[in-house]
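In structure tokens, the next block holds one chain alone, the form predicted alone.
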């Protein structure tokens, strides 16, 4: 998407809407490697990562996770699963006692089983089961879904 003259990712756009509504800090999970810009090349690269259960090295890190009680965890769906960098992220930190609120931008698979996967990976966290799934085709109009969802899960200011 183009927002204020700059390219913004779909998940980033939804994350900014959430932040605008509830406050907090934005943090982007970035990898050391650069993913291909072309859609078909990206699909191939992500499928290869899943095939070998890769854990890509992260270029960004949270300096003080202890200062956060609630984490909105946004991600695209890659081949009906979490993106491999998200596995690296979840491996890197201890989310015990934290509340994790999942949201995704998808092409048709909604959340698939990713909320259950996060719950398995972070058994000592409170993973909100009512995650938000936004279709890639609806991101520009997603505020109409984000605000009611935030109210429903009880996190609006």
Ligand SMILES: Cc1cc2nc3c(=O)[nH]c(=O)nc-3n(C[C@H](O)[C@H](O)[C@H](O)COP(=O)(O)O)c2cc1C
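Numbering follows the first chain given and starts at 1. Fair warning: this is a prediction, and the values are worked out from it, not measured in the lab.
Below, we refer to the form predicted in complex with the named molecule, which is not included among the displayed structures.
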Pick the stretch from 121 to 129, 25 to 33, 93 to 101, 41 to 49 whose residues have a heavy atom within 4.5 Å of the named molecule in the predicted complex. 41 to 49
Are any of the heavy atoms in residue 148 no more than 4.5 Å from a heavy atom of the named molecule in the predicted complex? no
Is there a heavy atom of residue 10 lying 4.5 Å or less from a heavy atom of the named molecule in the predicted complex? yes
Heavy atoms within 4.5 Å of the named molecule in the predicted complex: does residue 117 have any? no
Within a 4.5 Å heavy atom cut-off, is residue 77 in contact with the named molecule in the predicted complex? yes
Partner-contacting position among 60, 88, 113, 109 - heavy atom within 4.5 Å of the named molecule in the predicted complex: 109
